[in-house]
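Below are two forms of the same protein chain, given as structure tokens: structure 1, then structure 2.
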Structure 1
């Protein structure tokens, strides 16, 4: 019996040297160690042996089996290594072929900007609110310290709805998001920190104007709010949205609903604000972001609050403009934004 096992092993060692590939090796393994293989056959014969002898032979048989398996393993590794060495040749992929990803969706760039702006102001405690974009004259103009005969209230600047006047005047398509100011003060006890991002409408359409656009309006009302706080919040936004190396400046300006009023400028991203002599993007190193100011006492009063107790700041900027100023997206004709040529949207 022992001899039979030795012979089996020697047979295997002889045959395994002649094996040329992995399949043959597999076949050989099966022949010796498989379910119906030679080893199994010998083991069957073991059943007829006496207990003592079977134990000894059994142990020997295991040894033989293990050594066959080990030789087999060595050969298998050899074949595997050979296979690896040629894998790159056999399994070459053209990495220059375009990847395939069906059903890529796209958010409109304005949605993307609105999302980012909302997030930035949320971090300094400004809550997103919503205000009607078709609103009473009262909220769009009257309560914002714009007198009845102010040009913004003329037919050629603002859209009016063809409807009878109500208690709060005519119905207008809001030309700015500032109608949210008094609306918020009417329903919200100070402290107020709100941001309203919405659609606005003005009667202008050409390559730099669209009759429908978006603004984001910020309002903070509390005791002791000052210009320094406005500077703080605007700096925070500008550095977060545009990058830490950008600087802002407040340039005195005029708006009816703020006093003092400013135009907020940001240092030019294209020329860095320094080498502006030949810069095509900026005016003397600066770009206009939009308007801001300290809420006019009359507006605070219209909101039902006492301007001797509360003060606040507000700002209202164009989303489209802000978006284009950061990314350096040059949209030659701003109307492209709302033309919905899919070749445009799919770039974002």
Structure 2
């Protein structure tokens, strides 16, 4: 057995000369002295020896082990010294070299527009509120005086959520921010001046429509509110946000939730309203921003108020369209806003 132990030591001394780094050295040590190493394998045979022989072989095995560990220690110190001598070169840093700084980001142009719009209406007393972007169709349609057979409640117009119906009907991705109107009247006492900006979803996509977009909804409920107040607020916003050179107009229209109703237009910012024959964005020099009108009595009733006492106006505009029509923007395709093209986004 002594011969086996001597042979084990010689094998280690031979192999340790071929080791190139500390990792290989550690593997070699485990191979010979580890829990499942060669030394352990030899020591298992000691159980068959007599007591006197076991003592002699045990002492000799300890000498072999100490000899191997000593050689291991010498090589480990040598590798450590080599690593330390090259550390300065490997970890050298030129502290005089200018650092590399990542460019600071900024808000998306749509987020910037949302902040500016909120601030403009806050100056005239409109308080920001939030309404669900996934809501009951009661708040999105029925409470707004839209009958069940209205085309807007068709699967080809609105995204319906595959979920069980409740007391307030089906669940939809809100097609407009008008779902905030009745919700606000249910929770606030007049006078009400609120602005709600949120995401909306419709099955439309072209140069002026995207399936997900943003709207800002304004609502004013009080005694004696008239179309004059509506026009004053809309003119104030248009002149503040777009500048004094932009023109606005109201066109009579029909919405189920307002009476009388209007379409709100602004002169095209892409062509200036003068070259509309070749403009891909506008219609005859004007771009439709959204709808407005006096809140329908049925909507006021749905909000729990008396339409004989209170009146009000509401308006809903697309944030993206509003941004597109701002002076100097000249975005010819609304889809450009959501292409994640940094060459475009970094301009703002």
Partner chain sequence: MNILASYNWIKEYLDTDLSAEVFAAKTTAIGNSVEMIENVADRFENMVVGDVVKLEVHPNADKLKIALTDIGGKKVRVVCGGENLEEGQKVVVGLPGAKVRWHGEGDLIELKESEIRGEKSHGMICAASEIGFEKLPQEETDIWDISALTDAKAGTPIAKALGLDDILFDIEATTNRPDCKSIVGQAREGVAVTGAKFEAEPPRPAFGKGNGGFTVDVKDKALCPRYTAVVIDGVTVGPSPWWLQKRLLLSGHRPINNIVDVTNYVLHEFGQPLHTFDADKLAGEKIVVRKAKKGEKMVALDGEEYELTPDMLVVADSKKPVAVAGVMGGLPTGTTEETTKVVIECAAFDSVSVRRTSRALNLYSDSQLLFEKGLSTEALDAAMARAIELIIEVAGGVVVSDLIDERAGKYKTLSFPFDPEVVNQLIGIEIETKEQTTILESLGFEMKGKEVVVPYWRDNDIEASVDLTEEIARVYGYENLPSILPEGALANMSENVSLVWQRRVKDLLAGAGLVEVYSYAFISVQQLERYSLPTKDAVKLRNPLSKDHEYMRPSLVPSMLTVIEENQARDGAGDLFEFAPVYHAKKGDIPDQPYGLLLASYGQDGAAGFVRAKGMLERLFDQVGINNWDLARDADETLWHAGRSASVIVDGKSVGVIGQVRNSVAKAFGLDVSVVLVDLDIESLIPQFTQNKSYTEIPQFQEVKRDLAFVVPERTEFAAVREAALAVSELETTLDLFDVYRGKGVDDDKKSLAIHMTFRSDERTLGAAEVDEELSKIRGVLVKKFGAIMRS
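Quick caveat: nothing in here was measured; it's all calculated off a predicted structure. Throughout, rigid core stands for the largest set of C-alpha atoms superposing within 1.5 Å between the two forms. Numbering follows the first chain given and starts at 1.
Taken from the structure described as the form predicted together with the partner chain is structure 1, whereas structure 2 is drawn from elsewhere. Core-superposed comparison between structure 1 and structure 2: CA of residue 34 displaced by 2 Å or more. With the core held fixed, residue 247 shows a CA shift of 2 Å or greater between structure 1 and structure 2. Once both forms are fitted on their rigid core, the CA atom of residue 59 lies 2 Å or more apart between structure 1 and structure 2.
In the rigid-core superposition between structure 1 and structure 2, residue position residue 11 carries a C-alpha shift of 87.5 Å. If you overlay the core, the Cα of residue 102 moves by 4.2 Å between structure 1 and structure 2.
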